[in-house]
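Listed next as structure tokens is one chain, alone, in the form predicted on its own.
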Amino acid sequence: MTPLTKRRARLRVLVIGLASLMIGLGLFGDDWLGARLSADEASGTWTGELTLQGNYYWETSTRVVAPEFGVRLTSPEGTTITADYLVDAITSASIAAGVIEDIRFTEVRNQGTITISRELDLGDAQLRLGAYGRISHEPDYLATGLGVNATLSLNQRSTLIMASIGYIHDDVGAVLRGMNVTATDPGGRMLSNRGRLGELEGVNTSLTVQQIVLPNLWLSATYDLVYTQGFLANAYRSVMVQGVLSPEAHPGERTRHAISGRLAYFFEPTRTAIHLMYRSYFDDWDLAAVNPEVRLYQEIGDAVTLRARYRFYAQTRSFFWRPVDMFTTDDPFVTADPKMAAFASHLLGFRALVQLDFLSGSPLSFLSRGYFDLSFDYLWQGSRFGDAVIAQSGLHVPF
């Protein structure tokens, strides 16, 4: 058995063991679930919600347009099923993204996610168990993920303990645009016109505790752990090493830790809420980051909620990062990834959420129970990616 095969075997054993332990404890996370829908158990009525959302991202060399569709169904017995479908249309002219000629191209990624959960009544407590599956495909990448999660509710739902564990497996390929290149990977699958370059496996776990301290004061704390191994470099990036262009090479393993917290306080006289958030990150590549954020919410009447936010981010460099002309043939790892360098960024954003009650009695009355939201964020980045614009709009309609 090769060292890589042994690592994969240990990884799978770790996933199965952790999942079995967490099932026994009943502590799976439930952070992907929204508010419970009020299915009618007496009449046997199913309820649900439809979501249509548009996502847009822009920076100097990249444009991303990502329409998204989602549906959530809740049975009279309390089983919730959600399905989401996302399409990413990514337009880029970056050589680092696989272009060998000065042309602009658009690549499409399709992603589907299905989740299912069920709440169990334990008397003084409630336990919601769930599972999810996800698959994402683009011309040079195939990513799959599976996970289980749960939420334990205590003290009349004023205390929530959430935990999750997931497994990911990605097949990594590459497409060279601007010339005719064809190759088939050893498994016989034409993943891309350079074939299958490698694979990535990983385990992610999360534990969150939320507590309502006062009717208008809420606290949350989360710890995330992610372990990945395999092909962790960019399949397209090249690095100049003593005058020779060489493929990017990153370590084959990475362990990430993140600790985050949130304090939310609601000022009832003015119908204003403030959220103070903080996240710290570190990994075994010597990369560490701090990420404080403040959000301010304001209700205007019964139909409109506005939100403003500011986020600061700063990180150190990884242990193998060097200026572009400083790598030598003695360096086992070389990178041209701006995310491996030290940099800082600032984000300023706004969001508006509008209830659609005013549509009652109109031809669009079927939307009157829903809401529309629109957000815009501007990101000032200290890395060579440059500044970015992030915009989202969505329509959410319960039924």
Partner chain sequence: MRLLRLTVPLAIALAGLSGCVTVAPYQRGLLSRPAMSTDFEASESGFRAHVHDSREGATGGYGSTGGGCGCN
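From a predicted model like this one, the values you see are computed outputs, not experimental measurements. Positions refer to the first chain, counted from 1.
The form predicted in complex with its partner chain exists for this protein as well; it is not shown, and the discussion that follows is about that form.
Enquirer: Just checking whether Y56 would be counted as a contact of its partner chain in the predicted bound form - the rule being heavy atoms within 4.5 angstroms.
Expert: Yes, contact at 4.5 Å.
Enquirer: Answer with yes or no whether D325 is in contact with its partner chain in the predicted bound form, where contact means some heavy atom within 4.5 Å.
Expert: Flag for D325 set to no.
Enquirer: Should R118 be classed as touching its partner chain in the predicted bound form when contacts are defined as heavy atoms within 4.5 Å?
Expert: Contact with its partner chain, no.
Enquirer: Taking any heavy atom pair closer than or equal to 4.5 Å as contact, tell me whether W321 reaches its partner chain in the predicted bound form.
Expert: W321: no, not in contact with its partner chain in the predicted bound form.
Enquirer: Among 73 to 81, 120 to 128, 239 to 247, 292 to 300, which stretch has residues whose heavy atoms lie within 4.5 Å of its partner chain in the predicted bound form?
Expert: Of the stretches listed, the one contacting the partner is 292 to 300.
Enquirer: Exactly one of L197, L146, A143, I114 has a non-hydrogen atom within 4.5 Å of its partner chain in the predicted bound form; which residue is it?
Expert: It is A143.
Enquirer: Using a 4.5 Å cut on heavy atoms, which of A342, L353, L50, L367 is close to its partner chain in the predicted bound form?
Expert: Here the answer is residue option L353.
Enquirer: What residues, if any, in 303 to 338 have a non-hydrogen atom within 4.5 angstroms of its partner chain in the predicted bound form?
Expert: T305, R307, R309, R311, Y313, Q315, D337, in sequence order.
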